[in-house]
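Single chain ahead, written as structure tokens, the form predicted alone.
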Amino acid sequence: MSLNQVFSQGKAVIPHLVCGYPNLATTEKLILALEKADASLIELGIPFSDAAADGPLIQRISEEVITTGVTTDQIFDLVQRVKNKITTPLALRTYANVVFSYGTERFLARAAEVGFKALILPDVPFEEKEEFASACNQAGISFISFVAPAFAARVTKIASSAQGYICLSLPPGGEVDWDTLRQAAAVPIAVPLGGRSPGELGETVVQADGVIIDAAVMEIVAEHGEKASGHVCDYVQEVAAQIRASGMRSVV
């Protein structure tokens, strides 16, 4: 399934997993569980020691995984094992240093080989994205852009060149100029859920094309450990039902 298909079937539900937490075997079980849930796209994170763009929980979890010695190659091998068992597309989220240290072209070739459709690097500003975006294009992977509420001209510039879909950053109390964003964006727009309830986002859920469930999923994994897969599956199905009942938007 392509990224376009992900968003063509209604509001997308995008759960996030930090790979290797509490161990790689559990991550594999979680991916297979999300395949059975209503996940539209699964976002897999490679831990980084300075995950500044993530919240405190994911930062702590990333640090714990790193101390266990989990490597990028082990994560790629895990995805290689499961890719033929799932139809849900996969997006890869990490930090620029992880890609650099592995070798950008080598990293993206391996990511494409194991089936990733998109790369998300939250610490790469728009002005510095070209090196990664060009390499992604060569590998057949979409480089995902972040847009934060800002001056209309900057929002337009970022959104108009976005690939795959847009991750919309939502600072507390931040307002979104949806008219400007929609006029500029030629791709769907996904927003982070943040808390556990879609109701906390209000009108944003109605406007968005998809919801990214990151910290809430990892809270459940932290609570239940190796037995988390069923709990995560139930939660994702519940969120999917709620956001799809919130109102449909014509997807770009």
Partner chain sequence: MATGRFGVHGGQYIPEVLMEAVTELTEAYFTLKDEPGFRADLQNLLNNYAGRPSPLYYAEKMTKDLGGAKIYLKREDLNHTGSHKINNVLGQALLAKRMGKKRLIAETGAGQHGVATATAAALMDMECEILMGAEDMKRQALNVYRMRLLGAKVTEVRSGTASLKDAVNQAMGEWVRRIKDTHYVIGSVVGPHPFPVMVRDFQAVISAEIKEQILAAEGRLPDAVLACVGGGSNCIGAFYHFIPEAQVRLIGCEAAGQGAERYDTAATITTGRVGIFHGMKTYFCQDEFGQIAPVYSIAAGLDYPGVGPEHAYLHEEGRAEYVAVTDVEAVEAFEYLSITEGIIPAIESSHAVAYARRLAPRMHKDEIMVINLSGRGDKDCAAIARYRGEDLVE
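What you are looking at is a predicted structure, and each value in this text was computed from that prediction instead of being measured. Numbering follows the first chain given and starts at 1.
What follows is about the form predicted in complex with the partner chain, which we do not show.
Query raised in the report: Only one of Thr180, Thr88, Thr72, Ser161 has a non-hydrogen atom within 4.5 angstroms of the partner chain in the predicted complex; which is it?
Result: That would be Thr72.
Query raised in the report: Which one of Glu35, Glu63, Glu219, Glu28 is close to the partner chain in the predicted complex, taking close to mean a heavy atom within 4.5 Å?
Result: Contact check passes for Glu63.
Query raised in the report: Pick from 133-141, 79-87, 148-156, 109-117: which stretch has non-hydrogen atoms within 4.5 Å of the partner chain in the predicted complex?
Result: Contact-bearing stretch, as computed: 148-156.
Report task. Report whether the minimum heavy atom distance between Glu127 and the partner chain in the predicted complex is within 4.5 Å. Result -> Output for Glu127 is yes: heavy atoms within 4.5 Å of the partner chain.
Query raised in the report: Does any heavy atom of Ser49 come within 4.5 Å of a heavy atom of the partner chain in the predicted complex?
Result: Yes, Ser49 sits close enough to the partner chain in the predicted complex that at least one of its heavy atoms falls within 4.5 Å.
Query raised in the report: How about Ala53: is it within 4.5 Å of the partner chain in the predicted complex, going by heavy atoms?
Result: Because a heavy atom of Ala53 falls inside 4.5 Å of the partner chain in the predicted complex, the answer is yes.
Query raised in the report: Relative to the partner chain in the predicted complex, which residues of 92-113 have a heavy atom no more than 4.5 Å away?
Result: The stretch touches the partner through Ala96, Asn97, Val98, Phe100, Ser101, Tyr102.
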